[in-house]
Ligand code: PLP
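For reference, the chain that follows is the form predicted alone, supplied as structure tokens.
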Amino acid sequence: MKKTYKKDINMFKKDFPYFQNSNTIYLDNAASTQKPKCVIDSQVEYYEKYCANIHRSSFSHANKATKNYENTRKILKNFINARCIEEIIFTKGVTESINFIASSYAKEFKTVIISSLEHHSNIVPWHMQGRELNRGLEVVSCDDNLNFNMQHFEELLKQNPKSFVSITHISNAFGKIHDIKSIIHLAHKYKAVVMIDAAQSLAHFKVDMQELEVDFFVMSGHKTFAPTGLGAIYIKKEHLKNVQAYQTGGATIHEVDYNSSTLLNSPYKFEAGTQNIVGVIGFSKALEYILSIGYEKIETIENDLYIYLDEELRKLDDIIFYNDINKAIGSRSFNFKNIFHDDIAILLDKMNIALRVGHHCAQPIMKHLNIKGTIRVSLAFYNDKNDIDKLIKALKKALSILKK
């Protein structure tokens, strides 16, 4: 990773009420990001001024709610450069999106291929289909720096033609960035279909569906400065006719009688029941907020801060890393020799440092590394060098206590 200039970015904290109401140093962004005031205000405005259901009634407040909900679909379409709004479906989040595609489309594939760095949300749904290692489920190996093994991936594709490939874009546990463009290209060469888990992606850099030519791309709201309980899935148009509805009911129906039902076209056939209307509206505000800052600035800030974090952590005695920061962003995982990570977290919490310890819903890679878990610092563009300095000070104090 190329070193860039250092910059104090406290100016962004003013946009997030959390930082005005708390003295906590928040370093758990891979779990969930804080919300800018524009997102929070959109939630209050909906509930106080035009709270109504969508796609049903025709009175003015219902029309406004529907308009704002559907406007988010247009904004997200443009944000990720999808070809049409039919390709954008709202869900509860990445977990539901993966389960949706696993059960309504990918179950017909003989083999599913995943990486070594997957979140449980991209492992357990395949187990629910009765798949296990070498029996309907294949796992691409990684090297000692947790890099994706493209050679092994190609071997698996050759051995398992027309597979379903489901790969995380950025590891939530270690911040490793998979070269998804190359992964998608190679998979398509062997007639495989590809789904990318982009839970960590939109908070850090721009993605382009037409450039990637990915088949399915699942996204998180709450990890992208939007409300919780909200996500989205991009489905390439050519697959829409083959994807079955995950659930049915209100808002999905074209016509029903006691003998049969017909569903609407995408995206509505995939959004049964009353949706997280206010969450979807908040998602549009989060995306607009990101655009107002610009990914060029976000990447510069985060790259600079990620380098600074790594430099400062390396000054601590007995620290253990599991990968370097080349082709990585956001999350930095580590341990200390002969120190239990939970003990570190308890002491840091008392010093108002919020981060995560444990297996980070990635137990298989932790078992591969022969560890119970890690201490994970995960950054966003509203963090700054002062946050890192306070973290390092707190770590030094915690280590001095635990080593006595």
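From 1 onward, residues are counted along the sequence shown. In this text the structure is predicted, and so the values were computed from the model without any measurement.
If you look for the form predicted together with this ligand, you will not find it shown, but the lines that follow are about it.
Residue contact with this ligand in the predicted bound form: residue 224 places no heavy atom within 4.5 Å of it. Using a 4.5 angstroms limit between non-hydrogen atoms, residue 233 is distant from this ligand in the predicted bound form. Of the heavy atoms in residue 30, some are within 4.5 Å of this ligand in the predicted bound form.
Although the partner is absent from this view, residue 119 contacts this ligand in the predicted bound form, with a non-hydrogen atom inside 4.5 angstroms. Heavy atoms within 4.5 Å of this ligand in the predicted bound form map, among the stretches 88-96, 322-330, 178-186, 143-151, onto 88-96 alone. The contact residue chosen from 170, 286, 280, 203 relative to this ligand in the predicted bound form is 170, the criterion being a non-hydrogen atom within 4.5 angstroms. Shown here without this ligand, the chain has 197, 199, 200 in 181-205 lying with a heavy atom within 4.5 Å of that partner in the predicted bound form.
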